[in-house]
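Before any questions on how it binds or moves, here is one chain, the form predicted alone, in structure tokens.
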């Protein structure tokens, strides 16, 4: 089965039950998880990526395009994630940040990077310091760096929460458009009902 499937994913913290989720995200679909702080939304994403903190334990399965990735190391899962912070490497140029996302064996790396920057409306900035970019430009570079790693699913952890209203709408459109063009299943954690409405998919309330 294609898509991202969470099968009886049950998470505990220090032995106490925290959250249980069962859902399937189809290719090109955006499923939204909403709920108050502390309920376990971001923890679900950490379980999916294989980056749970030591206090947490989980049972169940994470399946991606029919393959059980539950016990694979994080890089092998092919699952991309965007956070509310851009997390660009300050010691690398914009182009070098994008090159970091390229899968091994990629040919014509500079041509790929230049095409990627054109794709997000930032031509000619490959050699610039990320510190010289605006918040919205940094967010676009972070998105493209993640996409260049060729993920098979995308997670959004409050990815738009620090953007102003107009830029938030632009970034939502950019992320959802790129994800749908690639048939990526998207699981989004957010507090914002406008994010959920823009996603247009099912909403899981915790």
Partner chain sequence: MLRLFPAITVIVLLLPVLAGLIGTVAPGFGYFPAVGGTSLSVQPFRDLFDWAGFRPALSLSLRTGLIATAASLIITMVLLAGWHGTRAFRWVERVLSPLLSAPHAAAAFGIAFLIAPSGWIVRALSPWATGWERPPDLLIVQDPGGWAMIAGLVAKEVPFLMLMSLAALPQTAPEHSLRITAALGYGRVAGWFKAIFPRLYARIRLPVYAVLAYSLSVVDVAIILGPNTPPPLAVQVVKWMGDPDLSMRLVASAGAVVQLVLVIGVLCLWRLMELAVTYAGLHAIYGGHRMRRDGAVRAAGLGLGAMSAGMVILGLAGLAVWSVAGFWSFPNALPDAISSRSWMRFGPDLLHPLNHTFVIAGAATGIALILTIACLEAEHRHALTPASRSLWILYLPLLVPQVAFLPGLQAITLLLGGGTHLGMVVLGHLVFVLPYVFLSLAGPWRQWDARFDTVGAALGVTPNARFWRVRMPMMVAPVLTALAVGLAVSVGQYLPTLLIGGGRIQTITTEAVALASGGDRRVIGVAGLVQTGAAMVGFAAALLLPRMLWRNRRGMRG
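As the structure is a computational prediction, the values presented were derived from the model and not from experiment. Positions refer to the first chain, counted from 1.
Beyond the structure shown, there is the form predicted together with the partner chain, which is absent from this document and is the topic of what follows.
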_Full three-residue contact with the partner chain in the predicted complex, heavy atom 4.5 Å, for 120, 200 and 204_ = no
*Residues in which of 140 to 148, 60 to 68, 22 to 30, 169 to 177 have heavy atoms within 4.5 Å of the partner chain in the predicted complex?*
140 to 148
*Please pick, from 125, 72, 81, 112, the one residue with any non-hydrogen atom lying within 4.5 angstroms of the partner chain in the predicted complex.*
81
*Contact of residue 101 with the partner chain in the predicted complex (heavy atom, 4.5 Å)*: yes
*Using the partner position in the predicted complex, report whether residue 161 sits within 4.5 Å of the partner chain, counting heavy atoms only.*
no
*Does residue 135 make contact with the partner chain in the predicted complex, using a 4.5 Å heavy atom cut-off?*
no
_Residue contact check: residue 116 to the partner chain in the predicted complex, 4.5 Å heavy atom_ = no
*Taking heavy atoms and a 4.5 Å limit, what residues of 62 to 97 are near the partner chain in the predicted complex?*
74, 75, 79, 80, 81, 83, 85, 87, 88, 89, 90, 91, 92, 93
